[in-house]
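Just the one chain here, laid out as structure tokens, in the form predicted alone.
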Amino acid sequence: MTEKVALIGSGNWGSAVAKIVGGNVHNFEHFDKEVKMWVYEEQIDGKNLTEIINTKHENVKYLPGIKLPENVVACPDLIKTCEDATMLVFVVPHQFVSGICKQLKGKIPSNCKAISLIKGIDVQDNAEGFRLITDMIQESLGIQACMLSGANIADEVAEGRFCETTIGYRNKKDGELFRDIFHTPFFRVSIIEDVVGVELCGALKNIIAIGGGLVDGLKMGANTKAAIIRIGLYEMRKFAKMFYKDIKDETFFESCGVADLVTTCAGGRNRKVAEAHVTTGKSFDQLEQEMLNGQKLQGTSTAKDMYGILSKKGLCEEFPLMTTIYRICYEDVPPKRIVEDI
């Protein structure tokens, strides 16, 4: 059977992924060689972004300077992008997933499977107070979903610098198929039977990265940064184990766990904007608009989501770092409280 891949999303990370997937489908007989990529249409210098991508083979807005394979075809129509796909790659900000799934319901093949590259959670009114993005995809579309997450800063991946990533699977065959389209000598993929653990690591580390950036802005030094990373990893694992008993300890030692936490606290948009919040005194919303070229700052919104869950369950004192980061982001608490309140 021939598998056909469609990419849902075309931002910085989505475009970096498109370069890998577009190249890898040529390496296996069981993949269709065309890879459609859904692009939210924008005007760039009077031209449609999809037209620019399909003629220049470059996403000039979100990943300038990186050539995409010619078999990656930008498409502004979500349904046309996905209607004949058997493998869906979700790589959009988490707040858009629900609307995308509503549009796709009943419009994709019955043998389709999905993978999420999205680092975030969806706040719900259910007993836990939240829902995982893979669960949203599975429940909305009636298909199984894997999860990819790791120490993967998009620009470095696009430039071919070596890194690792982790795919969490429920069905091993699906995990192996998705490994085929992502694994390269410079983008090393490991697979593990723990979708939930991989996903929670990817979501929660963005909160801790805000803490890392605050520490940098305050010029507190390497020892303080190391403490924030350690406490952050402890709170991430504690939260995951509190809500999901089957999460594997080894997941936190995969690329999706400690490696992603370290790299996100050292680089990436959350750290950069949090540092600027300290040095400029500007709000996170203003800095997002000024610094991120249309990308979304995931750490602050995830901190808000987490605080909603923790406060509803009376758990704020058990997670002092995540709670303090939320308060700095949304309650005008001074950044120096990052070490005073934990």
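For clarity, every value in this text was computed on a predicted model and none was experimentally measured. Just so we're on the same page, rigid core means the largest C-alpha set that superposes within 1.5 Å between forms. Residue numbers run from 1 along the displayed sequence.
What comes next is about the form predicted in complex with another copy of the chain, which does not appear here.
Remark: of stretches 132 to 140, 185 to 193, 79 to 87, 200 to 208, the one touching another copy of the chain in the model of the complex is 185 to 193 (heavy atom within 4.5 Å).
Residue 220 is the only one of 101, 123, 220, 242 with a heavy atom lying within 4.5 Å of another copy of the chain in the model of the complex. Proximity to another copy of the chain in the model of the complex, taken as a non-hydrogen atom within 4.5 angstroms, holds for one residue of 177, 259, 247, 108, which is 259. Although the partner is absent from this view, residue 112 stays clear of another copy of the chain in the model of the complex, with no non-hydrogen atom inside 4.5 angstroms. By the criterion of a heavy atom within 4.5 Å, residue 237 is counted among the residues contacting another copy of the chain in the model of the complex. With a 4.5 Å cutoff on heavy atoms, residue 270 does not count as touching another copy of the chain in the model of the complex; it lies far away. Taking the partner from the other structure, another copy of the chain in the model of the complex has no heavy atom within 4.5 Å of any heavy atom of residue 172. The three marked residues, 151, 163 and 263, each reach another copy of the chain in the model of the complex, with a heavy atom inside 4.5 Å.
Looking at 230 to 248, the residues that come within 4.5 Å of another copy of the chain in the model of the complex, counting any heavy atom, are 230, 231, 233, 237. For residue 211, a C-alpha deviation of 2 angstroms or more is recorded between this form and the one not shown after rigid-core alignment.
Comparing the forms between this form and the one not shown, the C-alpha position of residue 271 differs by 2 angstroms or more, with the core used for superposition.
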